[in-house]
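Let's start with one chain on its own, the form predicted alone, as structure tokens.
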Amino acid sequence: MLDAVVVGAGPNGLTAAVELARRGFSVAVFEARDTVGGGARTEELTLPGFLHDPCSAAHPLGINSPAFRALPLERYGLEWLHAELPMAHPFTDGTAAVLSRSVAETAASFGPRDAGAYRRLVEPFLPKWDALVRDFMALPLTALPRDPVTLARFGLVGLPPATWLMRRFRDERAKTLFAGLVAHVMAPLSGFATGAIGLVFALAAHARGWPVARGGSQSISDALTAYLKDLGGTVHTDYEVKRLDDLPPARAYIFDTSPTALARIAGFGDYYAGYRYGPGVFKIDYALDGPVPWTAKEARNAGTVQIGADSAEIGTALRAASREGRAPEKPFMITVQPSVVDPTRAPAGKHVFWAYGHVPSGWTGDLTDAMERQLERFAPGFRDRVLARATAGPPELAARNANYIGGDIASGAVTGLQIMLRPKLSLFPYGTPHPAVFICSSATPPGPGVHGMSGHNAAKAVWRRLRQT
């Protein structure tokens, strides 16, 4: 009998398996797809030699993850690559606000009226970032925080809606960039704790950047897999699990799946019926004949580029997708240009480019034209550089990754109490009605992102049970 079986070889499932194997437990991982990775994969989606990330591409939470930082992943091929700027947010007048490793450079890009306000917002937390991120990403707080004073101060700033926090700024440049940071999790700007979301992304950039992984996001998953195998764990691909009886006997079963899939496989009925899924995304991967012709020079040197003319336009796009059930006419877009810093991703002189916009859950339309009109506003001539494109709306994303129900790449709405208390209102969210069955996906705290912390946190709950039994 195995000590633990993990279902799903995404970053959280692999991290949970590694954490258990490090402590001497026997572990096997079962993955339905023919390769490991989940939301951290790399494939040739357009043309030969162009390596695209079907889901996550830039990794501010990955490089800052306490779980990943405690593992020797660099020995197994993971290398973080940093563009000159972590992120840029261009405007229609050809200028840009930036999120730099330097607080001073970031503040200066907002203009003199908001530079001081931004410094006062982030500088108190930055020296204590490592303790703060460990406490923040270890939610729910079933143990005493390492720095309760800093965490409490962070809560006072971050728990109100982002719209409240944005009142600190007087000009649109800072408001727009911050609104874009919140929109990374597809949450309306007026939602509970959305200020914390934007602040975490900003602090992550100042602390360690927003890198890409050399060769693509697959290298994160491959490094975790190689380390797991060295620890004695096994990984089985092309193995779809439809019920618990499909798995070998084990003392614990850990699911890196959606709550819906877990309930179906384990026979939990409507146990997770109250869990809510959020809007979907429409994603395009491009093979380009040259770099994106951004008007703003800062965007040409940034790993990630946010697209939205102002905070009102961003807010309108988020409301359209999440509340009004329609695709926005001017979608807010997150774009990543990995080949700016990683030449292995495309043939010499060519580039790969990654972009998505928000759409309603399950939307079946085509957002390509609206997204490319947005890109042309900030990078005139973009369409002329397109060699090939691969599009994926909610149905295609859900077909590629069963956790993305309705195209929701966050694996659950990041709104209301579900921001922190997911998938159930419980201080022990990794447990289930069955004492030997656990969940470790992005549907558990701390939520979406390639950081492995949901798997790390779930593994703690599992090894406590294994020691007890």
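In this text, all values refer to a predicted model and were calculated from it rather than measured experimentally. Note that residue numbering follows the sequence shown and begins at 1.
What comes next is about the form predicted together with a small molecule, which does not appear here.
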item	value
Proximity to the small molecule in the predicted complex (heavy atom, within 4.5 Å), stretch among 43-51, 429-437, 24-32, 413-421	24-32
4.5 Å heavy atom contact, Tyr239 to the small molecule in the predicted complex	yes
Proximity of Val450 to the small molecule in the predicted complex, heavy atoms at 4.5 Å	yes
Close approach of Ile265 to the small molecule in the predicted complex, 4.5 Å, heavy atom	yes
4.5 angstroms heavy atom contact with the small molecule in the predicted complex for Tyr118	no
The single option of Thr106, Ser311, Thr257, Gln374 touching the small molecule in the predicted complex, heavy atom within 4.5 Å	Thr257
Listed residue (Tyr253, Trp354, Trp294, Phe136) with a non-hydrogen atom within 4.5 angstroms of the small molecule in the predicted complex	Trp354
The small molecule in the predicted complex reached by all of Val7, Gly10 and Lys283, non-hydrogen atom within 4.5 Å	yes
